[in-house]
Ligand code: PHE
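Before any questions on how it binds or moves, here is one chain, the form predicted alone, in structure tokens.
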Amino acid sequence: MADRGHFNSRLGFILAAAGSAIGLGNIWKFPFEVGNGGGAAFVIMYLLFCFILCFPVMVAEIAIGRKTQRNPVGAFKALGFKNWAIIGYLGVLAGVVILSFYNVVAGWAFGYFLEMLSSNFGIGAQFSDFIKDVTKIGLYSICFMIATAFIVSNGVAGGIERAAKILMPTLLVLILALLLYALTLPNAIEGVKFYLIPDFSKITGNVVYSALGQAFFSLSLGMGALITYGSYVERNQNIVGSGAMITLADVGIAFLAGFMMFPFVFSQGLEPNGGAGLIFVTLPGVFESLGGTIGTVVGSVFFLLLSFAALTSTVSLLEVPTSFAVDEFGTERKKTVWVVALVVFLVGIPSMLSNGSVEWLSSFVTLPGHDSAISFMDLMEDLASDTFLPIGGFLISVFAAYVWRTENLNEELAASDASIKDSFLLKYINFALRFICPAILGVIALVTVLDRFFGVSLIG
């Protein structure tokens, strides 16, 4: 097998994997999920899932990738368990589906960057009309997919590492600056209370369900991305420590994004459950309130960096099917990247059209047991983040604990740090993969299948 390349350093791997996790899932999706989930109650559930469930699964995925140096499908075959390659196929499918609609939302962010450059702060009030404009959104999404494919075609380590070292810290600085400004606004304290003071009566089956889906979505789990990135990791790199840093970085950015958003929302008298358009409806008015040139600069930079944060995620999503095709079929990398990018873009066209421009796609299907129809894009998101990812996480935890077995997992983890063998953290990872992750993820997967395909709702 030809040399597949490796990350240049542990920092490079952490930045690339964190970049995969830190993106629209944190800054776009997390705040509106918090709003829909009742505020702090959702935040607590999200944090619990990230550390109790997602971290052990993340470590297992990276370890499988590093052990085999293969893509998500080839990894299970290389370990001698061909029947379990279904996990990899599910991950590749999930990655393609997510990238197909994720690229559309990334196009929204890039389009808003251009609108902010022209000081068009009124775009927030025109959000629904903006996403109906297929010509504009199509062009922005094409540009975004081309940028993604260009980076992947030139190698993940060489492109994403360099970009992440500049863009991710800058994004953090800008979020902190906006957070400090937001706290000075009238009624901001009500937003802080909504975000930080839990009302435990808000914790329902739906909140738990959504929090788990958000945790897996934002950490790029269950879609093969971390198995793929793990396959580029040298054996002297500490997987457990790196996984912890990736999880902390992802959770930290998501938490700060929510902390920034809700003071803005409450200061403008908006409903916190404003849905997917929350960041696109609210922030333009905030930037306008900064006044003149400052508002234009800050708004432009924010949406530019939001676009680049999305880019670090789209790169990892495109890398998954690319790595699969190159490894399994021996195709040439550069050509494969562009073919896969074209296919994914075409798959995403129905999602692009389902935001009001094509009526039947906007009300695409009424799921069993549900009263109202949902759009094609919403269906893709529900299937990928709420269905495929928990199922993938369940299967990975079962595989790591009972098929590959934790003894082999521990040996792989100790290859870079022998002291990890007797640590409490490793004992917890083993326990979680054996009992906690399969139990909770199995229940969530079962509830999802019953709800989606049989109309039996167990979550209210």
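Residue positions are given as counts along the sequence shown, with the first one as 1. This structure is a prediction, so every number in the text was calculated from the model and none was measured.
This next part talks about the form predicted together with the named molecule, which is not shown.
- By the criterion of a heavy atom within 4.5 Å, Leu317 is counted among the residues contacting the named molecule in the predicted complex.
- Under a 4.5 angstroms non-hydrogen atom cutoff, the named molecule in the predicted complex lacks Leu15 among its neighbouring residues.
- When the named molecule is considered in the predicted complex, Asn103 lies well away from it, no heavy atom lying within 4.5 Å.
- The named molecule in the predicted complex is not approached by Ile440, whose heavy atoms all lie more than 4.5 angstroms from it.
- No residue in the set Ala60, Val233 and Leu413 has a non-hydrogen atom no more than 4.5 Å from the named molecule in the predicted complex.
- None of 234-242, 213-221, 142-150, 256-264 except one has non-hydrogen atoms within 4.5 angstroms of the named molecule in the predicted complex; the exception is 213-221.
- Residue-level contacts in the predicted complex: of Ser313, Ser354, Thr322, Ser307, one residue has a heavy atom within 4.5 Å of the named molecule, and it is Ser313.
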